[in-house]
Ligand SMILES: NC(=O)c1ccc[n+]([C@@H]2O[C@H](COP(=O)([O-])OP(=O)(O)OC[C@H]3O[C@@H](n4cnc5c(N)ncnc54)[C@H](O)[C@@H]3O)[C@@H](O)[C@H]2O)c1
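Just the one chain here, the form predicted on its own, laid out as structure tokens.
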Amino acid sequence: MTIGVPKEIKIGETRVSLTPSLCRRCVSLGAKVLVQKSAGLTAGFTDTEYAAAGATLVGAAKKIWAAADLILKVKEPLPAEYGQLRDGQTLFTYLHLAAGPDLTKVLLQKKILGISYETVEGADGSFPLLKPMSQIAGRLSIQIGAYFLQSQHGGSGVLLGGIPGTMPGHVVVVGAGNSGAHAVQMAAGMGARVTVLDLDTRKLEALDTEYRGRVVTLMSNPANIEAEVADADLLIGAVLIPAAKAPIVVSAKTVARMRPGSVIVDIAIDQGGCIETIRPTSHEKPVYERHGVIHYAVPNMPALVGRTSTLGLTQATEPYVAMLVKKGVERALAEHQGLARGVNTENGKITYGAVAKALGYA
């Protein structure tokens, strides 16, 4: 098997899909590994390290796409890469197809075997390859929100932790999954007033037990969302339905009721976002203003901490990559049900129900 690791080209992307350590393991299992020169530099991994691990360094990405049986990436292919996808190739990356109809068409036309990190399942029904990036995005959302709340960035000038004699900032987190729970952890650690809303009472009970009343937990319904969002200094959108388009849970009307200079960070933007007024931004232009509220929605937010994100991602993907190399793609998918759940496209068809439904194929 030949594995290809092209350099990520999404704006501001600093992660890499393969560390020298994982490269060494793949080579030891008999794979040939092609790594584009400087692909790992922004995550702190040098070409020399990859060469020492047994990789063949390649200058042009197109040579990697042309030669590799299995392409490992972090982010979904961008339009500039569509033409380099080879018919019948296997692609293992975050795909987020529910928010990418154009990419989906390309994968179907070229009969790409698209294995999506975000739908690979663990034995307990969890999503182990989504988890580390959700955790990082959740933690980063509070750092980012605190930054844009500063007066010099157009924010309301609220210090989330406050000081004695003043009210701390109010952080509202909609969604108590992995990303939401880690946002709550960071916000509570900074001393903010924190309210978290979710439909799952078990998640709310777990947070209530963990924080012993220091975090307010509420059922996610229109009345509670409207009341809490209107009072929020920082709103975190963390609603996720794996592989499906994120539902809109905060309306434009509700956003308009927020105080001027408040901040919204929508972690769900990879799946279309859960705030009605949100649209994707980039690391070059991360925010825009709507109704006097600052909106942040960078799809590859974890790239802000490329080293940590790469290590977190690859330690999660390593068992699956090793399985694909050791057993071959067909056998690995046949023998591992959780990995097979990661298949979103195969032989010109969408094979994951939520994706098909979101894109109108079902």
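From 1 onward, residues are counted along the sequence shown. Fair warning: this is a prediction, and the values are worked out from it, not measured in the lab.
Beyond the structure shown, there is the form predicted in complex with this ligand, which is absent from this document and is the topic of what follows.
- Stretch 172-180 is the answer when you ask which of 172-180, 159-167, 105-113, 146-154 has residues with heavy atoms within 4.5 Å of this ligand in the model of the complex.
- The three marked residues, V5, C26 and Q36, fail to reach this ligand in the model of the complex, with no heavy atom of any inside 4.5 Å.
- In the model of the complex, this ligand lies farther than 4.5 Å from every heavy atom of G40.
- Shown alone here, D233 lies farther than 4.5 Å from this ligand in the model of the complex, counting heavy atoms only.
- Mapping the unseen interface onto this chain, P302 counts among the residues with a heavy atom inside 4.5 Å of this ligand in the model of the complex.
- Proximity of S220 to this ligand in the model of the complex: non-hydrogen atoms within 4.5 Å are present.
- The partner is absent here, but in the model of the complex a heavy atom of L197, alone among A98, V229, L72, L197, sits within 4.5 Å of this ligand.
- For the options I278, I142, V249, A192, the one in contact with this ligand in the model of the complex, meaning a heavy atom within 4.5 Å, is V249.
- Shown without its partner, the chain has V249, I267, A268, I269, D270, Q271 in segment 249-276 as residues with a non-hydrogen atom within 4.5 angstroms of this ligand in the model of the complex.
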